[in-house]
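What follows is a single chain, given as structure tokens, in the form predicted on its own.
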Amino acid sequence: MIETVVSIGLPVDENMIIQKNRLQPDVVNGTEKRFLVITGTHGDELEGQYVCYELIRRINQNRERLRGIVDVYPDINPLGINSINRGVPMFDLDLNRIFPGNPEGHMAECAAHQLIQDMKGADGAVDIHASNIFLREIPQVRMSMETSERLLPLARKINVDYIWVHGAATVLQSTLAHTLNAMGVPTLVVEMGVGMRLTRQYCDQLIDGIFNLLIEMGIWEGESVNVKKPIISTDGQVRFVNANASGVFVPCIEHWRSIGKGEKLGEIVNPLTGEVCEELFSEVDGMVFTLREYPIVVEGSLIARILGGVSVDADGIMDHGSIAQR
């Protein structure tokens, strides 16, 4: 059932419309649990679009198995997606920095407020993000230290490869996930893939994980999915590699592969002079879980993130080393 959650007037007799698809049993009694699938916060993050399509398709094929309510919000920043803009056009702002919104504020703040009013009271949620156009990420859940005790049991069940528990930052307080968690709706933030692209393998992996959560919550009837056992780490186990020169980054390694201390990550080259401006090396043994996708870099550009103490091969995780398995 398609429902309009937000409709706000725009110039030239147009409306900004945000819709959701509510999937529920034919007969409801008001005691059903409700789970939210949310994506499209950033207009250049499209991995979640395929997740929503495939999730709805599978549920509709087996509606008799549905025991609760699944609300799917595929596009909460429609202006951004339609204009290939990460933020909200005209306002030059990040939608994920203005929650819980303001009913008396400008258009984006009002939309954020109406979304929260529609989402409150749910029993769980997943907020799906891709990376931006510059970086490629493995399927992972990110959460703050303050929410980890509550969210880790759920994150283990959603079939990601990695859970990053990071220190709380002030800016997180204005995100959709922080707002929902503060309101009592357990919300996982999933990051995967790369901006403006679909990585079907990652999407299918997450869809299996979402169904696993729905089964655990009693919203979907079926056998539990055999999900991956994720690596769990904190900020102190993640190393950042940044450029010290401008130019074109040419990688020497593949994404999501082991790297040894002192091993070469790649080079930054100058296409005008034919010179190598910088060679980049890993300072630790670990796994490359973030790798530069867009090759043009300037001084300070993020090249890679390496999770220390983990090694992988072509088939997945081989050794967790010293990484905590909470």
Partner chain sequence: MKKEVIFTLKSLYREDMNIYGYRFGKGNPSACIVGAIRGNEVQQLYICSQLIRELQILEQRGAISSNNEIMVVPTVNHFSMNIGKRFWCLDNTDVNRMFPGYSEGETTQRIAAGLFDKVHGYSYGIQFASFYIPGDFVPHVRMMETGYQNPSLANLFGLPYVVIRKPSPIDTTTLNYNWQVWGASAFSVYTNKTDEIDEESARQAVSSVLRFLTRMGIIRYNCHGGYIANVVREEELLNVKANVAGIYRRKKNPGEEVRHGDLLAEVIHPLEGDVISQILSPTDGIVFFAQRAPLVMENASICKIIRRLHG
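Note that this is a predicted model, so its numbers are computed, not measured. Positions refer to the first chain, counted from 1.
Below, we turn to the form predicted in complex with its partner chain, even though it does not appear here.
At a distance threshold of 4.5 angstroms between non-hydrogen atoms, Gly30 is out of contact with its partner chain in the predicted complex. Although the partner is absent here, Thr4 lies well away from its partner chain in the predicted complex, with no heavy atom inside 4.5 Å.
Contact annotation: Ser282 falls outside 4.5 Å of its partner chain in the predicted complex, judged by heavy atom distances.
Among heavy atoms of Tyr294, some come within 4.5 Å of its partner chain in the predicted complex. Contact with its partner chain in the predicted complex, judged as any non-hydrogen atom within 4.5 angstroms, is confined among 67-75, 97-105, 226-234, 122-130 to 97-105. Out of the listed residues Gly80, Gly195, Pro139, Gly247, Gly247 is the one that sits within 4.5 Å of its partner chain in the predicted complex by at least one heavy atom. For the marked spot (Tyr53, Ile207 and Trp256), a heavy atom within 4.5 Å of its partner chain in the predicted complex is absent from each of the three residues. In sequence order, Val269, Asn270, Pro271 are the residues of 249-277 having a heavy atom within 4.5 Å of its partner chain in the predicted complex; the partner itself is omitted from this view.
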